[in-house]
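In the block that follows, a single chain appears as structure tokens, in the form predicted alone.
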């Protein structure tokens, strides 16, 4: 039986317009048609009445980590939990994302390919969850953001990273990651906030190392993504052929111009640093980490305004799973985008739908409500154009034509 969704206010994400009294006709897991309710024949259809709601495409979070859920101990836990423990955690956190309206997520790095196991189980119908686009194990350097910084006499993997220190090793790590089913390659182009002993502004890879890594996904039609705060590391990644820059909190205007020239996407993840600054001191995070987060966040809003003015392609991502940034609650990023980057509401919504789908090369199936696309639809009790905070309270979730909430 076909389904018809009657929408009060309707945002397709094809453009920035909000329409009213629209009907979405769904056949199986795909959208058959979109048009005025007055012209829709609902005979022999299951009618879903959302005439008092704001209806839009399923949300996409382009940067999160399903194996963590904001715990202060999340990095230490990687040295204590089994792969089985973390796979179950990943599954439960992904399900929380779905209930918050995220019908698609991009996992930006996991441990032991737990993200791939969960993605495959969802795709096979063994468990419920959002559509997942995954990274497998990220690639970094000795002493860098994904190195474990554990006792030097402890061997083996203790954090979510493959550590390389040469072009050949980088090339092998990328091939290894794709061999076991990753959708993309994730690299740590600079130091980070919560890793001890490195600096967010410092580059990790040489150009030769970065180019060797990225030649692998680029030659196979895959995308790539770089954790990168500092300007030099961002520029190395762009020159080497990266698809998206994650965070980008210490970039300069040359970075922005290069991103426009190369068509590089930016995923700002404002909430990741904001949560550490807001919650870190009172909860006992190291002063070094809180200080790094403050430096990263200081000019992020001004830089995002410049990026918007220059035409950088900006996505929506939250780094959900990192400190005090829980799955299902990461929608706070919408409000932060309007505050820090002065994003209009329509730009926020398009970033979290159409632009993210284009980033992942999934624009032919998700990201907008159009005929032929997968039936991913979410709804809210108010319009975010009137109150952006309503994005924290998703009241209806449909993925692939199946209603999971509401």
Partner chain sequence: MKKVLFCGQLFPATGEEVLRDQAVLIDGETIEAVMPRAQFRGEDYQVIDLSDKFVTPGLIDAHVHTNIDGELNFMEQMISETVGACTIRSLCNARSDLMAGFTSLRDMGSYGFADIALRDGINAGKVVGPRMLCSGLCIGSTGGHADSWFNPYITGMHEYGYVIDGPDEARKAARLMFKYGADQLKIMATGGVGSPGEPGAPELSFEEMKAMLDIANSRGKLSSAHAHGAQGIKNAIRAGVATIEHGMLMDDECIDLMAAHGTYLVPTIIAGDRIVEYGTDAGIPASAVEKSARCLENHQRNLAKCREKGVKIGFGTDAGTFFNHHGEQTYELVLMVRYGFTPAQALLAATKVNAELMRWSDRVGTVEAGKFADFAAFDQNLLEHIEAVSDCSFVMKGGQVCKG
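Just so it is clear, the model here is predicted, and its values are computed rather than measured. Positions refer to the first chain, counted from 1.
In what follows, reference is made to the form predicted in complex with the partner chain, a form of this protein that is not presented.
K.L.:
Please determine, with the chain shown alone, which of 126 to 134, 160 to 168, 227 to 235, 256 to 264 has non-hydrogen atoms within 4.5 Å of the partner chain in the predicted bound form.
P.N.:
Contact criterion met by 126 to 134 only.
K.L.:
Consider the chain as shown here, without its partner, and state which of 336, 146, 178, 121 has a heavy atom within 4.5 Å of the partner chain in the predicted bound form.
P.N.:
The residue from 336, 146, 178, 121 that makes the contact is 121.
K.L.:
Which of 310, 302, 239, 92 has a heavy atom within 4.5 Å of the partner chain in the predicted bound form?
P.N.:
By the 4.5 Å heavy-atom cutoff, the listed residue in contact is 92.
K.L.:
Flag residue 84 as yes or no: does it have a non-hydrogen atom within 4.5 angstroms of any non-hydrogen atom of the partner chain in the predicted bound form?
P.N.:
Answer yes; at least one heavy atom of residue 84 falls within 4.5 Å of the partner chain in the predicted bound form.
K.L.:
Does any part of residue 117 reach within 4.5 Å of the partner chain in the predicted bound form? Heavy atoms only, please.
P.N.:
Looking in the predicted bound form, residue contacts with the partner chain include residue 117, since a heavy atom lies within 4.5 Å.
K.L.:
Residue 324: heavy atom within 4.5 Å of the partner chain in the predicted bound form?
P.N.:
No - in the predicted bound form, heavy atoms of residue 324 and the partner chain never come within 4.5 Å of each other.
K.L.:
Taking 4.5 angstroms as the cut-off for heavy atoms, does residue 278 touch the partner chain in the predicted bound form?
P.N.:
Although the partner chain is absent here, residue 278 would stay clear of it in the predicted bound form, with no heavy atoms inside 4.5 Å.
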